[in-house]
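The chain that follows stands alone, in the form predicted on its own, written as structure tokens.
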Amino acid sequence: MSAPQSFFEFTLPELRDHLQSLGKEAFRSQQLFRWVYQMRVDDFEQMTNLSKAFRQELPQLLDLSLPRVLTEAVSSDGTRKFLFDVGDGQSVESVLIPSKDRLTLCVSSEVGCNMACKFCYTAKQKLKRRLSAGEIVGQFLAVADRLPPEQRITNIVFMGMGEPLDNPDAVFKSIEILHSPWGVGFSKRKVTVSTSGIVPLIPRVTQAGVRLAVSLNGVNDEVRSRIMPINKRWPIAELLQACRQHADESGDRVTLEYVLLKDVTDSIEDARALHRLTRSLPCKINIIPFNEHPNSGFLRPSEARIARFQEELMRLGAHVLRRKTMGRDIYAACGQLTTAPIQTPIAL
């Protein structure tokens, strides 16, 4: 007999079809989704509205194992970083970010990354493999299971390790699984998919009904190509046109992420150029002061320079927010995720 398949790899229609191919009733898929996702029962014997014979058969058909948490680190600001074992000696990180009115889980979609962005720690790992939909769903459930009853994850961002649109089938399938009303019922309006700029796949974000975030990080092709090689394939003009199309079709603003690198992307002239580039696009701009990691070759601008950059954008009328740095002391902040050996914590 073949090994049981991971339950978390199935959408509800896929599970229904799988069970029917085994001679089981279609409605069993809804029962199983409710037991596993809504009631968080991980023992088939406790699923009391299933026949005893079916309960005894299920362990040979479906595996309810989640990715194992290898380590958990807690920041001084309450951010929690989880290192997950995804098999074959590979691991990924997820980050739980608390704020006043939300609890956001930043999930990974790949072990390593192909995009080679110069300021990102994950990029130094190179791509080892892409995660399956079940491994992405597993990150969500494993973290949710560790929360006290009064807490729940309110938002999901695909901004962890890997480029989500380099693994689109698994990413969008995982969203469908978590969105199912028979399962977690997670609102798509609370899901954000970030991309470094794989232009041809941005329409899939639109079709999925989730929010789009784009890592811009440069105001001209010369600078952006230097720090983000993907720009050589899809330059800024093409990227922003895809963003406009998404905004037009979805009715939603695009989030543009802009990393401030000292003496590279942080001048007042850069702020003015950023406004000129984006003023016709329905968007908000998240400015992200660079988060240090070993041998990056970049520095974080001074607080005064960060403030001047933001103030100039605001003066020009841009909708701009400074991304609050969370988890920097445990290498859990934007651009810091890796499965390399734990570094010495950063002194803040």
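Small disclaimer: the values here were computed from a predicted structure and weren't measured. The numbering used is simple: start at 1 and walk along the sequence shown.
The form predicted in complex with S-adenosyl-L-homocysteine (SAH) exists for this protein as well; it is not shown, and the discussion that follows is about that form.
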Q: Please state whether all three residues Thr79, Ser94 and Ile156 have a non-hydrogen atom within 4.5 angstroms of S-adenosyl-L-homocysteine (SAH) in the model of the complex.
A: no
Q | Glu163: touches S-adenosyl-L-homocysteine (SAH) in the model of the complex, heavy atom cutoff 4.5 angstroms | A | yes
Q.
Since only the chain is shown here, I'm wondering whether Asp270 would be in contact with S-adenosyl-L-homocysteine (SAH) in the model of the complex (any heavy atom pair within 4.5 Å).
A. no
(Q) Phe140 versus S-adenosyl-L-homocysteine (SAH), in the model of the complex: is there a non-hydrogen atom within 4.5 Å? (A) no
Q: Answer for Tyr37 alone: is it within 4.5 Å of S-adenosyl-L-homocysteine (SAH) in the model of the complex, judged on heavy atom distances?
A: no
**Q.** One stretch from 244 to 252, 172 to 180, 191 to 199, 70 to 78 that, in the model of the complex, holds residues within 4.5 Å of S-adenosyl-L-homocysteine (SAH) by heavy atom
**A.** 191 to 199
Q) Among the candidate residues Leu212, Ala133, Val259, Leu239, which is the single one with a non-hydrogen atom no more than 4.5 Å from S-adenosyl-L-homocysteine (SAH) in the model of the complex? A) Val259
**Q.** Heavy atom within 4.5 Å of S-adenosyl-L-homocysteine (SAH) in the model of the complex - qualifying residues of 275 to 304
**A.** Ile288, Pro289, Phe290, Asn291, His293
